[in-house]
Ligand SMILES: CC(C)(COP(=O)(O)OP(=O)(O)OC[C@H]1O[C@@H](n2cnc3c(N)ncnc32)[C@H](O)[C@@H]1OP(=O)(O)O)[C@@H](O)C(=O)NCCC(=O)NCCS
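Read the single chain below, which is given as structure tokens and is the form predicted on its own.
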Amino acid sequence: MDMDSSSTLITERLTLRRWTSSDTPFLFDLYSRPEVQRYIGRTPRMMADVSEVAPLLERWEALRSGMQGVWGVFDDEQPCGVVLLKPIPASGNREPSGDVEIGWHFHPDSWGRGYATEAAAAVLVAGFESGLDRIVAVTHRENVASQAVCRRLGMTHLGLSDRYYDTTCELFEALR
């Protein structure tokens, strides 16, 4: 994996880079799909209008800090999905928990190709190289595909937890 000064990550097959407004059509398509949104959040909500992408991009840009942020995952210039590394809010007051979360959302056309594992592995390495000691992943209890990604990444399954997002999730961790 290579990393350039603008926080772009390069793997064997993928480029992970910041999102731009030119990526709006892909992001709207991704987040308007029930099969993508079904495991995101306590109450899944599909995007209904392309105008919802601009505020999302603004929120993601505000998350950027060192190696933390949200990346677009591209295979040969084709967008595939999203990988994030960001502070995870605690349940209850939604204040920062002190933990950092890794997560991914991929377009169904990209499922089953190993992109989530490859991209998340690069982000884990970058996160640890930037000084993080622990990174967590939370998955919906029924999201066995994301749980399999966590296991392929070598993350340790810690069981059910209600520490984050005001819901009970399967919790995984990776340690430096």
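All residue numbers are counted from 1 along the displayed sequence. Only a predicted model underlies this, so the values are computations on that prediction, with no experimental measurement involved.
If you look for the form predicted in complex with the named molecule, you will not find it shown, but the lines that follow are about it.
Picking from 50-58, 125-133, 36-44, 65-73 the stretch near the named molecule in the predicted complex, with a 4.5 Å limit on heavy atoms, gives 36-44. Taking the partner from the other structure, the named molecule in the predicted complex has no heavy atom within 4.5 Å of any heavy atom of residue 27. Contact check for residue 157: no non-hydrogen atom falls within 4.5 Å of the named molecule in the predicted complex.
The named molecule in the predicted complex is not approached by residue 18, whose heavy atoms all lie more than 4.5 angstroms from it. Mapping the unseen interface onto this chain, residue 105 counts among the residues with a heavy atom inside 4.5 Å of the named molecule in the predicted complex.
Residues of 100-124 placing a heavy atom within 4.5 Å of the named molecule in the predicted complex, in sequence order: 104, 105, 106, 110, 111, 112, 113, 114, 115, 116, 117.
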